[in-house]
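Single chain ahead, written as structure tokens, the form predicted alone.
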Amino acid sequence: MIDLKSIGLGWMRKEAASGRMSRREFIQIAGAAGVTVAAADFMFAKAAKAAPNKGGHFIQALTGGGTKDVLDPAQTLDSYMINVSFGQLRNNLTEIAPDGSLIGELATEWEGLDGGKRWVFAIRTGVTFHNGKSLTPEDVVASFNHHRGPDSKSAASGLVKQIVDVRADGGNVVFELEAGNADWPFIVSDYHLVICPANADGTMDWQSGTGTGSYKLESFEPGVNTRVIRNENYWKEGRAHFDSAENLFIPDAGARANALITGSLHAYSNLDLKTVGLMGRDPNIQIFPITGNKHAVLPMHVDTAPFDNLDVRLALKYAINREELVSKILRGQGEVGNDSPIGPANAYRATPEELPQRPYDPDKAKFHLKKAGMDSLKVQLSLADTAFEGAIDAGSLYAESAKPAGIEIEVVREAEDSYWDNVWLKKPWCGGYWGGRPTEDWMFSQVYQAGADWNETKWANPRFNELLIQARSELDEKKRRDMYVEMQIICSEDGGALIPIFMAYTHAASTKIALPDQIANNWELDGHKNVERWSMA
């Protein structure tokens, strides 16, 4: 009699669930092991029922795109290219699982040595790129070096700056860091740090869109549409269920909603919260908010007047009614922010006792204006709804709440399709949002570290940057927490980032789409892996 344990009953169930084993084959193997036909039939039905359906053409609308989008992961700016490049075309060394844990992707295991200054990653074998080339450690080295060097314009330069050396060593890749970093395995899951094939000269081939991901690039029209087809040789079991997918850039929330209602779309995120209740009554639509670290931000360039004056920054922070934004813009789908980017899903978030909530206080705002030598203030705030959902309305509410403090805010409505190219990082005061990061070091290094390419406020606080380096290698949990709490306080009291609200990721999908039991909250759209993880119902 065949021993099912030696075959692996779990393996049989996986084969049935993936569609690679027919009912007849399952019953025959189970029968040879002494399982009755009825029992085997029940086992197969249960496994097959859990299996996502294969096939179909998935269409989604994404925000955060533009005509200047490119396939270079170093230049990925917002959700459109994150979803396409990171979620469909390519893979990382590690991956944030739906439950928030860290798992291997193109690395099977890793080890930290010398107090976290050296990290060794074992590279998965048997993986091929879309062009048929086998993945090697040299591809990983080329992909990381693409973001390094004094002339790098990569948005990940703040993350990779700590790399002293990266090299292939047999089947491994070794990272030598300038100091210990306990979070390094998390950081290599960043959406910029995807792995592309190496060219003969050791550079990275990003131009072709080739990767090891679940889908292969079919066409790419920046700011309009990207089409992909399933990678039939994808190495992950139980993923990549759609035959093909289409990614439309639709910045207008109303247009996205209408497309879903009429059946032109299967899913989209960033709902218009004013109409979400009405959409939820449609029996053909499923609405699902996901709470994470996503937050809106109004970054001020601290090297540009009047924002170079700390008291002006504090006046603006006291002049905004955060509770009103949660109520009227988020419709309760979020919470007030406190000018620190560390959110509810982070391990070391400061408590209200450690960092008291900054209230709406026009008199306090007037006090700081007076300290700055001003009786009144007139400033421009550049916004578009692509900055974050409801941004224009939020700006209007802010302008009204600031008037009692003697502050006149002119909301400048910018073009949606060029916002991230022409406004963000360029205008001295604008809007934006961050999905947050799984670790404090990751968020601080990429956006708040002095000199980081995405330091959107041009902020450089010596004490903050000193703590940033120290906290990375501190293994004592209490000391590490104390450092990160102090950094949050410094951000709130000195920084140029006005963070008024944390908001839920909001999604709508057709009931034709089968959603997994657990949806990731590290980014919108199932951690931007929805095209890989979802299927037709």
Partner chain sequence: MKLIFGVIFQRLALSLVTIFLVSIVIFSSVTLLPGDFAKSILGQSATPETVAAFQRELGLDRPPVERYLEWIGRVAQGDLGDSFASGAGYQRSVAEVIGPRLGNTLFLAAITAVIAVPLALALGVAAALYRNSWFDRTVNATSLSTISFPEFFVAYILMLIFAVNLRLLPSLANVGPETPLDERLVKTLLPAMTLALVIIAHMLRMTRASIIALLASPYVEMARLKGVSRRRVILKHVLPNAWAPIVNIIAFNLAYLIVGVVVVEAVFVYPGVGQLMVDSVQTRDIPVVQGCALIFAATYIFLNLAADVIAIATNPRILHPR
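Keep in mind that what you see is a predicted model, and the values were worked out from it rather than measured. Numbering follows the first chain given and starts at 1.
Just so you know, the form predicted in complex with the partner chain exists too; it's not on screen, but the next bit is about it.
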query: Just to confirm, W206 within 4.5 Å of the partner chain in the predicted complex by heavy atoms?
result: yes
- prompt: Is there a heavy atom of F175 no more than 4.5 Å from a heavy atom of the partner chain in the predicted complex?
  reply: no
- prompt: Would D151 count as a contact of the partner chain in the predicted complex, using a 4.5 angstroms cut-off between non-hydrogen atoms?
  reply: yes
query: Looking at the partner-bound form in the predicted complex, is N231 within 4.5 Å of the partner chain by any heavy atom?
result: no
task: Would you confirm whether the three residues S157, I261 and W454 all fall within 4.5 Å of the partner chain in the predicted complex, going by non-hydrogen atoms?
output: yes
field: Segment that reaches the partner chain in the predicted complex - one of 335-343, 235-243, 108-116, 428-436, heavy atoms within 4.5 Å
entry: 428-436
- prompt: Among P306, P222, G180, G104, which has at least one heavy atom within 4.5 Å of the partner chain in the predicted complex?
  reply: P222
message: Which residue, D361, D272, D417, E138, is the contact with the partner chain in the predicted complex, using a 4.5 Å heavy atom cutoff?
response: D417
message: Can you list, in sequence order, the residues from 227-255 that come within 4.5 Å of the partner chain in the predicted complex, counting heavy atoms only?
response: R227, E246, L248, F249, I250, D252, G254, A255
